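To begin, one chain is listed below as structure tokens, in the form predicted on its own.
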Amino acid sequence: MRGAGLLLPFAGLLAAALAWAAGAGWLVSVTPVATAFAPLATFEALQQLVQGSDLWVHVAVSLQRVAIGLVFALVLGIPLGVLTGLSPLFSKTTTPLFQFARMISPLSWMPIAVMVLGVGDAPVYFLLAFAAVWPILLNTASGVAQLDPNWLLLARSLSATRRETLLRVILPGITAHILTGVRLAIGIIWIVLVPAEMLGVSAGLGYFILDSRDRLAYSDLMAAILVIGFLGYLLDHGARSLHRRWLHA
């Protein structure tokens, strides 16, 4: 069973690679430039990029933006989620607004973000934080709503202050829900990151995609797509591992 658990993912990846090769081969008959999109050319470009330093600079910049955007989303989403879960009045007042705002694609804010914040990192941080705040906020509110009321009653009976109740009862009790929101937020941030980095910045994986296209370096472009997918998988795997460790702590 353990061998099958390792073999099946490999078989899935192999099937995807074969489909990729077949699709690229068919495209070559339509347009010769498709040769650059084939698996062999892509992996050769990937090897060269990995051995160089330019790609790692772009990766580091993108990961830094992800981290900062996630921090902004946590700082905003957790307090609002706790308040939403604790206060029925606040929840009824803001839930329609939150549900309306979260259904707006973060990318639709791109022109406004650039107009207000200018070009550079600021609009990217805004778009990433806007994309990530909703799963954190909603999962935090859900966690507060599912807290055992007896915990809060016990805290009151022991004359705990609001600060003590928040730090020692509420936050530990909803950490699993927050981590679920973080995992969802990371997935959304990673998807929004690449188009957000096409806002006039000079580094990052999104910038590298545009630059590869402009240079007609399509093999580099495909290699960057593989890197983006691999890094996204690692980020999600790390978030899942953290969630599982907390649940079994």
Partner chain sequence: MNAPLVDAALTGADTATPVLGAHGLSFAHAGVGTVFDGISLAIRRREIVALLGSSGCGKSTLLRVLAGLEKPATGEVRFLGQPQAAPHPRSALVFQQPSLLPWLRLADNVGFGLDFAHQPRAGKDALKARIAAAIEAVGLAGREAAYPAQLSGGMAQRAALARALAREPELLFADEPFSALDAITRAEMQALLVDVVHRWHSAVLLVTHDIDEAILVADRILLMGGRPGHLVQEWTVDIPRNREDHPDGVAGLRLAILAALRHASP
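Residue numbers count along the first chain shown, from 1. What you are looking at is a predicted structure, and each value in this text was computed from that prediction instead of being measured. For clarity, a rigid core is taken as the largest C-alpha set superposing within 1.5 Å between two forms.
FYI, the form predicted together with the partner chain isn't displayed, but the following is about it.
Among 84-92, 108-116, 67-75, 168-176, mark the stretch whose residues have heavy atoms within 4.5 Å of the partner chain in the predicted bound form.
Only one stretch qualifies here: 168-176.
Heavy atoms within 4.5 Å of the partner chain in the predicted bound form: does Q99 have any?
Flag for Q99 set to no.
Quick check on L154: any heavy atom within 4.5 Å of the partner chain in the predicted bound form?
Yes, L154 lies within 4.5 Å of the partner chain in the predicted bound form.
Under a 4.5 Å heavy atom criterion, is L80 part of the interface with the partner chain in the predicted bound form?
It does not: once the partner chain is placed as it appears in the predicted bound form, L80 has no heavy atom within 4.5 Å of it.
Would L158 show up as a contact with the partner chain in the predicted bound form if we use heavy atoms at 4.5 Å?
Output for L158 is yes: heavy atoms within 4.5 Å of the partner chain.
Is it true that Y125 shifts between the shown form and the other one by 2 Å or more at the Cα, once the core is aligned?
No, the C-alpha position differs by under 2 Å between the shown form and the other one.
Just checking, between the shown form and the other one and with the core aligned, does A145 shift 2 Å or more at the CA?
A145: C-alpha displaced by less than 2 Å between the shown form and the other one.
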